[in-house]
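Only one chain is shown below, in structure tokens, and it's the form predicted on its own.
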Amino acid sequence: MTYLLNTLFATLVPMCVTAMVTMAITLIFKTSSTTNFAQGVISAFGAYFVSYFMGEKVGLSIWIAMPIGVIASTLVAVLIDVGIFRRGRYVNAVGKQIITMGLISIIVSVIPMIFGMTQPSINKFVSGNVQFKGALEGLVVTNNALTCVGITVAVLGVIFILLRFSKWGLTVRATASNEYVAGMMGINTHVVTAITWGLAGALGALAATMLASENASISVYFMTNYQVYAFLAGILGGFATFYGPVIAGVAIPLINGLVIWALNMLGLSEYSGWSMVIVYAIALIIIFFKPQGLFGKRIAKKV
């Protein structure tokens, strides 16, 4: 039991990171009708800023440097929406995806020009561990992981509350339902999409900072795997809702941890590197029976 719980605790930070990135991609998908393939490098851009301001030249704490990185990623994301997507709003979905792919090359080229070719790191939010005693002796969870969970729950909780109960949330839901009808109803969809892009950039920077705080070296592509997990979570949870993809985003690292635990318990630890392949296979089976996703809805189009 202790080994199982330690395995699950080890997935806390990956769950937080995946949930954050999934929410970011979902916001852009629903308001701009595109899958943002540049989400990973935008997130990495924010982490580079956090690392720079925590470095020897500046020496700020992570709690001060992190908001700077969040602001940097937010500004980049808003600039992308205002400077590029707003001018190409009538481009079809495939064209928009190609634009985001092009943005990857641009941002990947800009990052070394600003920060150099090094792979910096970020300190933990909080050091130390929580060690259990008694029946759960040997069970350990890091304070850093618990801090990441607290940040994720607080940030996503506020976003969901605003989406459900605020005027801003109503405008986002209306734009996500039909941008053109929302505009006809007097909603400034330009402002809505700019805010959602900025929020997606901020979430990405937070996610990248949390991942880097768990001893991950920062590089231009270090968020790519989590971007892929977020795409899978969106399909698995269903883009019809905001909460469905996030729930799936939490489930994917959790299932991955359980698969690794099961393989080790069966004496097949040499196959633990295939754990995500098994997770993808499970997801494909679910999608086969639920094409709209676990929380998706079948939409009937009227002709």
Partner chain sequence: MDKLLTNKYGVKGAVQRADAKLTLALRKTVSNPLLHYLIFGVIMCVIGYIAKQNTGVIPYSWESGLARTFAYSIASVGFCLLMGYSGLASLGTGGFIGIGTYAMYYIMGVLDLPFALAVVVAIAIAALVGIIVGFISLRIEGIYLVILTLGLSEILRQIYVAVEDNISISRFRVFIETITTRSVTIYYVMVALIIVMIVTTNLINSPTGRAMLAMKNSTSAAQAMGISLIKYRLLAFVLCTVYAALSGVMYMVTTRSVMASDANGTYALITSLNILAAVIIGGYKSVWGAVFGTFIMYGLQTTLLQQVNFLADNPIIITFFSGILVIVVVMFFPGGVAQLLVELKGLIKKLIKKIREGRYGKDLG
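Numbering follows the first chain given and starts at 1. On a predicted model such as this, the values are computed, not experimentally measured, just so you know.
Just so it is clear, the following notes concern the form predicted together with the partner chain, a form of the same protein that is not shown.
Asker: Can you say which of 25 to 33, 259 to 267, 245 to 253, 52 to 60 gets within 4.5 Å of the partner chain in the model of the complex, counting heavy atoms only?
Answerer: Heavy-atom contact with the partner occurs in 25 to 33.
Asker: Of T147, N123, N225, T118, which residue is found within 4.5 angstroms of the partner chain in the model of the complex when only non-hydrogen atoms are counted?
Answerer: Spelling it out, the residue with a heavy atom inside the cut-off is N225.
Asker: Going by heavy atom distances of 4.5 angstroms or less, which of V153, M101, V130, V191 would be at the interface with the partner chain in the model of the complex?
Answerer: Going through each option in turn, the one that passes is M101.
Asker: Has each of V110, I235 and F288 got a heavy atom lying within 4.5 angstroms of the partner chain in the model of the complex?
Answerer: Yes, each of V110, I235 and F288 comes within 4.5 Å of the partner chain in the model of the complex.
Asker: Is the gap between I84 and the partner chain in the model of the complex 4.5 Å or less for some heavy atom pair?
Answerer: I84 belongs to the contact set for the partner chain.
Asker: With a 4.5 Å heavy atom cut-off, would you call G138 a contact of the partner chain in the model of the complex?
Answerer: It does not: once the partner chain is placed as it appears in the model of the complex, G138 has no heavy atom within 4.5 Å of it.
Asker: Even though the partner isn't displayed, in the model of the complex is V91 close enough to the partner chain, meaning a heavy atom within 4.5 Å?
Answerer: Contact check for V91: yes, within 4.5 Å of the partner chain in the model of the complex.
Asker: Is there a heavy atom of G186 no more than 4.5 Å from a heavy atom of the partner chain in the model of the complex?
Answerer: No, G186 is distant from the partner.
Asker: At 4.5 Å, heavy atom to heavy atom, what parts of 37 to 55 sit next to the partner chain in the model of the complex? List them in sequence order, or say none.
Answerer: Just F37.
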